[in-house]
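Presented below, as structure tokens, is a lone chain in the form predicted alone.
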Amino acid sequence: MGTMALNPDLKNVTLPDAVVASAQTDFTANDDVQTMLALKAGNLEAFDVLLAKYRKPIVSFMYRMVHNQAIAEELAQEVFLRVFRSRETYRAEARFSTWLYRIATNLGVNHARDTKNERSAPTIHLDEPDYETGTMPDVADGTPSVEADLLHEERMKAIRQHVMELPERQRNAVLMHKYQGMDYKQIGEVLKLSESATKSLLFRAYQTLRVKLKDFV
């Protein structure tokens, strides 16, 4: 199994040999839905494939929502645990990644609500290096100087503040669009919105950010 500690649930799983034997073992040509269906059919190796592909993106996504590496890891583990527990009732009605990010978004939103009174202020840092690549997610200043560094720092502080102040759906849509590279359709599927409604949601979010950040443009 993968590196995330999902036991003891997985240790207790026993499947009939016939079911396991009938499931696919070569996932190289499979898309995610087929791989998930293989897991549903009883092939536990399929879970490793999905975990290896999506663990880092999901941890990164959760980190941007909670800005705490340990909590992000825990929430990501819970995401994959829910995937595993739901394998038998999984229905291939949408892209696997849509289903996965919907689980992640719901967990992140619930965590934010549950810990609202524990947090003194929004602490997401969108200006920090990307979890996967180590690169800055926003436009870097090409002419480093004291003045430029101060301006960049102030701009990034304003961005994270105003992104966190967006309404919940707008904030999650911006995180998925800007930092996860998800398109309108996929974000809409996660948030259960039409593609046009998603475009409108993001338009309002970016319009708000443009107004709030006009002094930094």
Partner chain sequence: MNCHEFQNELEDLVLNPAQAPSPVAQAHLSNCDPCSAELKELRATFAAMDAWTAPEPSPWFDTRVTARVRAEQQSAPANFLERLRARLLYNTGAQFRPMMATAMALVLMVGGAGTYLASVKSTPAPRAAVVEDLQILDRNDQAIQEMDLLDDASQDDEGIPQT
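Positions refer to the first chain, counted from 1. No experiment lies behind these values; they were computed from the predicted model shown.
Keep in mind that the form predicted together with its partner chain is missing from the display, and what follows is about it.
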Quiz prompt | 4.5 Å heavy atom contact, T115 and its partner chain in the predicted complex | solution = no
Quiz item: Even though its partner chain is not shown here, does D31 get within 4.5 Å of it in the predicted complex, heavy atoms only?
Solution: no
Quiz item: Would V174 sit within 4.5 Å of its partner chain in the predicted complex, counting heavy atoms only?
Solution: yes
Exercise. Decide whether F84 counts as a contact residue for its partner chain in the predicted complex under a heavy atom distance cut-off of 4.5 Å.
Key: yes
Self-check item: Neighbours of its partner chain in the predicted complex among 49-67 [non-hydrogen atom within 4.5 angstroms]
Solution: L51, R55, K56, V59, S60, Y63, R64, H67
